[in-house]
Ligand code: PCA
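This document opens with one chain alone, in structure tokens, the form predicted on its own.
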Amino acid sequence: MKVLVTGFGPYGGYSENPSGEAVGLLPEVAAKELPGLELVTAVLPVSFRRAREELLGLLDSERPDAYVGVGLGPGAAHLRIERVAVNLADARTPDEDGEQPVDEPIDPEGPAAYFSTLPVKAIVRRLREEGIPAALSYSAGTFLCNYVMYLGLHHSSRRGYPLRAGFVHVPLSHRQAASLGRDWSGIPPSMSVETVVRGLLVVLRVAVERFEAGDERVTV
């Protein structure tokens, strides 16, 4: 089974992005934990145009069986397993290239929304069993995270690959939270990058198990 996993680079006022950092660490760990998995990883720029070009290029060149996008969700205290991607790009701040779409469809001819085709409930259950805080989320926002999730699912619907696609939001890293917090009441929630990597391994393991079992139930 081949899986494409993408994270994002730093953006806005953040000098680092734990999603990109975790994705960068994932291949070495996955090679030991999931030796039969063919893993392709990439760190996307926080740019609507360039992220689209890079992601669609990877999907077409690699033709993965599954795609898992990973992004930073400031304020999250756990891994958020996203269930819905909406056909909307509505940026509160400009991307790295100064682009700031407002109330624009990602694809004018696409459906209003897609549901994740990863086994999201099974993933959440397994993460919790492994002691990793996780929950389903019903909003991936309207910035780049939702954008690439929608693109992955739209590509799957139109081209037939990847067969499964979804998205995971991760908290701030401990280092980020320490630099942002002003006092005990103002320190934002965080998670170690190592825990995020462990969590992504669980996501991949459950996805592989369901794929190899031929399980068509994509949510439970």
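Everything numeric in this text was worked out from a predicted model, so none of it was measured. We number the residues from 1 along the sequence you see.
The following text describes the form predicted in complex with the named molecule, which does not appear among the structures shown.
With the partner omitted here, the stretch from 138 to 146, 122 to 130, 109 to 117, 96 to 104 that lies within 4.5 Å of the named molecule by heavy atoms in the model of the complex is 138 to 146. Contact with the named molecule in the model of the complex, defined as a heavy atom within 4.5 Å, holds for exactly one of Leu172, Leu153, Val46, Ala66, namely Val46. The named molecule is not shown here, and in the model of the complex it never comes within 4.5 Å of any heavy atom of Leu79.
When contacts are judged by a 4.5 Å heavy atom cut-off, Leu72 counts as touching the named molecule in the model of the complex. Although the named molecule is not shown here, in the model of the complex the stretch 17 to 54 places heavy atoms of Asn17, Ser19, Val46 within 4.5 Å of it, in sequence order.
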